[in-house]
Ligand code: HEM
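Read the single chain below, which is given as structure tokens and is the form predicted on its own.
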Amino acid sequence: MDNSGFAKAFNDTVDICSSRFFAPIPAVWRIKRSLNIGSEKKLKESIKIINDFAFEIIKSKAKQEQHDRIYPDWRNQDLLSRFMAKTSSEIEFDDESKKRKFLRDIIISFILAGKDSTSTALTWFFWLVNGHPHCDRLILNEVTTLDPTFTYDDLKSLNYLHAALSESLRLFPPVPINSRLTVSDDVWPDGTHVSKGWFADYSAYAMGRMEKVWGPDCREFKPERWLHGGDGVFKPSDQFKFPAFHCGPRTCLGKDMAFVQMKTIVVALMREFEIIAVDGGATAEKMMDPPYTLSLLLKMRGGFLVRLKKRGFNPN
């Protein structure tokens, strides 16, 4: 995020692409694109900034790869480096330009999948916890038992926190609606016919609020629904019932990493600070009409305003 120009260009690109989906007359943005005016001109400029940024990353990684051939260093083996090694050994490209564009798309996919989705999920999580003090206490009791140098296995032991994050994702999935374009005629298991070229949409947000899927308390924030019996161990849901990370072969590759990131941030913040929502958090009334704004992500309208109060004790 040191490159503020890239961050702004990326946000502008996401917002402009989102607005296309909600345009009442799609021909308008197409005309603006052909004339290179307004938001479509801004989109083209933003995409150039994004591409230049991605290509610079690829360039620096290529130099690092050459250096590592002589002086191997396992610490340089990040996800992008692994993709680059894979493309060099297993994927054939017509020329170097196509390879660079493929890697550019990989980088942009990484950023799009992880940059705003995790922060959006945590925004709703803290808002929900603020409106449910008993959940806040249970999470705090759990996170304060960790050693300051906690490990990955320690994070896996936080069953109630995992349940609370899952419940937050059920009610406020960062990507509320997903759309797929059918490539051929098909018949779904329930007998629904879909034709080639149709868009097939599903809403994880709506599914999280369906009584026939989650029961009569579907609109309530209840992390306990994710815990097994009386032992308090986290119990995963059927993936097709909880599609916040997609399902089946299209399940998000970063699902486990997302939970690790969110747990780490929650632990780090809650051990040091009491996070107080200015609007009081998720009251029963607000839960009926949540303050969201819809784009590609389910962001909070006006942002999430909080006060931070330093905790007056050392948990360890």
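Note that residue numbering begins at 1 and tracks the sequence as displayed. Nothing here was measured: the structure is a model prediction, and the numbers come from that model.
Beyond the structure shown, there is the form predicted together with the named molecule, which is absent from this document and is the topic of what follows.
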property: Pocket accessibility when the named molecule, as posed in the predicted complex, is superimposed onto this form, judged at 2.4 Å from backbone or C-beta; result: open
property: Three-residue site G131, V143 and K309 fully in contact with the named molecule in the predicted complex at 4.5 Å by heavy atom; result: no
property: 4.5 Å heavy atom contact, L155 to the named molecule in the predicted complex; result: no
property: Contact of R250 with the named molecule in the predicted complex (heavy atom, 4.5 Å); result: yes
property: G232 within 4.5 Å of the named molecule in the predicted complex, heavy atoms; result: no
property: Heavy atom of C218 within 4.5 Å of the named molecule in the predicted complex; result: no
property: Options 34-42, 47-55, 250-258, 265-273; stretch whose heavy atom lies within 4.5 Å of the named molecule in the predicted complex; result: 250-258
property: Residue among L227, L169, M84, L138 with a heavy atom within 4.5 Å of the named molecule in the predicted complex; result: L169
property: Position in contact with the named molecule when the complex is considered in the predicted complex, options Y205, F150, Y160, F110, heavy atoms within 4.5 Å; result: F110
property: Residues within 4.5 Å of the named molecule in the predicted complex, restricted to 106-143 and counted by heavy atom; result: F110, A113, G114, S117, T118, A121
